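The chain below stands alone and is given in C-alpha cells; this is the form predicted on its own.
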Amino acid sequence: MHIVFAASECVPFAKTGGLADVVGALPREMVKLGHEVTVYLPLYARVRPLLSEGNGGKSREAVQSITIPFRYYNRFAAIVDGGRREGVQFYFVDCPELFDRPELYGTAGGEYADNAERFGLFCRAVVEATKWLGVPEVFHVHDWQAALISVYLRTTYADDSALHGAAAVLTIHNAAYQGKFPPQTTEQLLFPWSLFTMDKLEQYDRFNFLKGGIVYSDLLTTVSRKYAEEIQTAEFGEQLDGILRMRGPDLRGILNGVDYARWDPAADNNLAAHYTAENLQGKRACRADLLHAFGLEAVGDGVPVMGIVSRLATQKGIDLVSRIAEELVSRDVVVTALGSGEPIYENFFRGWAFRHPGSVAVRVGYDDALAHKIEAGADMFLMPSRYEPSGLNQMYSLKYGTVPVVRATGGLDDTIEEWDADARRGTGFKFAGYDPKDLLAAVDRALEAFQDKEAWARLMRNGMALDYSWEGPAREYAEVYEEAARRRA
C-alpha cells in the first residue's frame, strides 16, 4: 500500500512539539511493514539548508511549478525532492513568500496573519503533487495544518478520477489547536459558501480547518485511547465534542510510540553511565551527574530527586505545581526542572529556585542533553498535566527507571499503572482530580514508597520492562489504513 503523510512538522527538519516526533518515526515503521511511504512538508527557511547540503547549495525540484488559485490571484509552488531516508521519500512544498520565514507558525507577537493562506496552499499543493508523483491509497493528514486535504479530496477534487479512490485518515494530536479563521476564508480558498455550515466547516462563525478534516476524513485517529474518549466530552473536546461524538464510531485511539534508538539508558550518549533493569548501578552515577549539572552536589542519598521537563504552561499543570511549591520543598526533596513557556511560569520557577537554592534548580529554555540527564538522574518525574493527548516524557521516564507521578488523563492514564506495594505491581503514581491537594497526595505516596529501597527497585524495574516502541502502534495504523482503503473502494 502507498501512504502519503502530510504534516507541518517532522524531525529532523522542523519541530515545535510531539507531532514532529510522530511524523518522523511512524513512516519508517510503515516501511518496515512493507508499505511505500511518502512524506510532504512545507519548505520552511530552516529546512532549506538541510536540503542543499552536499548538492552544490541547490535542491532538486521534482515538480517545477504548481498553480494554486485563490480568489483574486494565483500563487505558484514547486515540489522539492528531499530524497529517501530509511526507505521514506520526502517532498517539500516550496512557496518562499509563504514559508521562507524565521518560525513555523508565528512570532512572539502572535501567529502569522496569513496562516490560512499558507496551509490552504500547502494542502492543495500536496493533492496536486500526488497526481505527478504518485496518488496513494491513503492520505494520512496530521492536525489542522493538513486537515483541508480531506476537504479538498471530497469537494474541489470530488470529480477528479485520478484521486477518486484515495482514502483520507486524520490524526488529531491536540484538539485545542484547530486553525480557526474568519468566514471570508471560505471564499479566499475557493470553497463554495454551501460548505460554511455548522455540519461542515463552520464553527461559531469561524472557518475551522480541523473541523473540516473531522467531517470529511474516512477515519479519524488520536494519540491515546483515553484521549479518544476525552475529546468526545465538553471538558476536553474544545467545542468539537459534538461532531466528534457523531464520528465516534470512526475514531480510533492509538498511543504514540517511543524512539528507543534515542531514549535508552543502556546506550544513551548523553549519560554519565549506562544501566539496565538487570544492573541499575549506573543510575547512581547519572543522579550524581544531574545534581552536578544543576550545582546541587550536597544532596544526600536518602533525599529523592524529582525531575520536570515540560513546556511551562497551564496545560501541563504548572499552575498546580506552583500551588504546592512551598509544601513540596518542606518534604525534603530536590527539584530539577527544565522548560520554557508562559512568562508567568518561567518567573515562578526562577523565584522558587531563588528562595530555595539548595532544593530547587531550574534551567529556563530547552537543552536536549540536559533533558536526557534529568530522565536518567531523577528518582521520580512530575507530570501533572491538565490534559495530555499522549505524552512522551512519562514513557521515557519508565524506560529510565524514573518513577512517574502523573495526572490520570489521556496517554498518562493509559501508560501508568498505580503502584500497589502489597502486590509489588504498578509503575507509578496517579491522581484524578485537577486539584493541588490531589497532586500533593500522589507525591506523598511516591515519597513513602521511596523509603523502601527494595520495593522502589521493583517499581523501577516494572516500568523499565514495558515496551512502548513504535512497532505495536504501527501495526494498529496499518489496520486503520486498510479499513479506510476498503471503505473508499
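Remember, predicted model here, so these are calculated numbers, not experimental data. Don't overthink the numbering: it's just position in the shown sequence, from 1.
Form predicted together with adenosine-5'-diphosphate: not shown, discussed below.
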property: Candidate stretches 345-353, 304-312, 104-112, 289-297, one within 4.5 Å of adenosine-5'-diphosphate in the predicted bound form by heavy atom; result: 304-312
property: Contact of Ser322 with adenosine-5'-diphosphate in the predicted bound form (heavy atom, 4.5 Å); result: no
property: Any non-hydrogen atom of Ser340 within 4.5 angstroms of adenosine-5'-diphosphate in the predicted bound form; result: yes
property: Exercise: Arg475 in contact with adenosine-5'-diphosphate in the predicted bound form, heavy atom 4.5 Å; result: no
property: Touches adenosine-5'-diphosphate in the predicted bound form: Asp367 (any heavy atom, 4.5 Å); result: yes
property: Interface residue in the predicted bound form among Thr415, Asn208, Asn393, Thr336, criterion: non-hydrogen atom within 4.5 angstroms of adenosine-5'-diphosphate; result: Asn393
property: Of Lys373, Lys226, Arg407, Lys316, the one that lies within 4.5 Å of adenosine-5'-diphosphate in the predicted bound form (heavy atoms); result: Lys316
property: Full three-residue contact with adenosine-5'-diphosphate in the predicted bound form, heavy atom 4.5 Å, for Lys15, Leu19 and Met383; result: yes
property: Sequence-ordered residues of 262-284 touching adenosine-5'-diphosphate in the predicted bound form, heavy atom within 4.5 Å; result: Trp263
